[in-house]
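Coming up are structure 1 and structure 2: the same protein chain in two forms, each one given alone as C-alpha cells.
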Structure 1
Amino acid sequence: MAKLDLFKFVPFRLNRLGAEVSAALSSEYRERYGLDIPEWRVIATLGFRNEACSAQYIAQCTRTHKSTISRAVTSLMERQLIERVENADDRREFRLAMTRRGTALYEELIPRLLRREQEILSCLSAQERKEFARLLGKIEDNLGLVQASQPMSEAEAY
C-alpha cells in the first residue's frame, strides 16, 4: 500500500498555509475592530465591490457555509456596519451593502492588512510574488472558484 507524506501533499499544505495566514491577518481585525473571520469575509467582499450583493454570493465566493455567513450578517447589521437594500429588479429579494460606518472601518483596516500581507510575502521576490499569484489563479480557475468582484448569475451561484 502506498503511503502519503502529509507534508508533501498539496491540499494539506494549502490548508495549513491558508489557516496560518488567516490567523495572522485576523489579529489585525479581531483585536482592533472585534471582527471574527466570517464577519471580516462579509466586510471584505462588500468592500471591494461597487454594488450590493446577496449573502449567497458572499458564501459562494468566500467558500464559507451559508449559516456562518448568515450569523456574520446578523452581527454586522446589529453593529450597523452593513445594511440590507432592496433589489430594484425583485422587491422580494434583499442584497447587502456597507453602511458609512462599515465603509470607514474597511478603509481604515485595508492599509493595515495590505502591510501585513507584504510582511508575509516578504520572503518572495517581486517576480516570485507575481508568479505565485499567477499559479494560485490557475488552481482557482481549475477548481471553478470566483476570482472577480463581479456578481455571478443565479445559475453560477449554486
Structure 2
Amino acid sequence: MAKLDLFKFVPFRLNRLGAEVSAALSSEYRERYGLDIPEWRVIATLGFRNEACSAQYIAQCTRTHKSTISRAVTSLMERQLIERVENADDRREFRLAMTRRGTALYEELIPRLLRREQEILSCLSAQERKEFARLLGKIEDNLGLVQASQPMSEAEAY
C-alpha cells in the first residue's frame, strides 16, 4: 500500500517553510514599517532597480496578481513612499519610482532583512548555503520561475 509521509514530502515542506520564513520576516516590515507582503515586494523591486518600472513588471517579477500589486501601489502612494508618472509613450501604464521617503525606508529596512536571512541560514555552512541556493535555482528553473538577477526588459519579463 502506497504511503506518503507529509514530513518528507518536498512540496509540503516547501510550502510550510515558505510560510514560516515569511512570517519570521514580516515582523520586520509589518510591525515596524506597516508594510504587508505585496507592499514590501513593490518596494523591494523598485529599490533594487534604479530606474522606474511599471506595475505590470513588478507583478510578473514577483509572481503576484496584478490586482494585488495595484492595491499595494495605491497604498504606498497614499503614504508617499512611491510616486508614479504617466508614461508619455504609453498612456495606459505608469512609471513607478521611490520617493525620498521610500528610499530612506528601503535603506533602513534592507540591512535588517538581510540579517534575518542570515539568521535563518545560520545553520548552514558557507558551502552549504551556496549549494542550497544552487539547488533552489535548478528547481525554480524547472518550474519556469523567473530567476534573473539582472534587470530584464518588459519583453523578457514573460
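Rigid core (definition): largest C-alpha set, two forms, superposition within 1.5 Å. Since the model is a prediction, treat every value here as computed from it, not as a measurement. Structure 1 provides the reference sequence; residues are numbered from 1 along it.
Chemist: Could you point me to the form predicted alone, 1 or 2?
Modeler: Pick structure 1 here.
Chemist: Taking the rigid core as reference, does residue 74 move its C-alpha 2 Å or further between structure 1 and structure 2?
Modeler: Stays below the 2 Å threshold, so no.
Chemist: When the rigid core is used for the superposition, does residue 107 move between structure 1 and structure 2 (threshold: C-alpha shift of 2 Å or more)?
Modeler: No, because once the rigid core is superposed, the C-alpha of residue 107 moves less than 2 Å between structure 1 and structure 2.
Chemist: Once everything's superposed on the core, is residue 90 shifted 2 Å or more at the Cα between structure 1 and structure 2?
Modeler: Residue 90: C-alpha displaced by 2 Å or more between structure 1 and structure 2.
Chemist: How many Å does the Cα of residue 6 travel between structure 1 and structure 2 when the structures are matched on their rigid core?
Modeler: Taking the core as reference, the C-alpha of residue 6 is shifted 3.7 Å.
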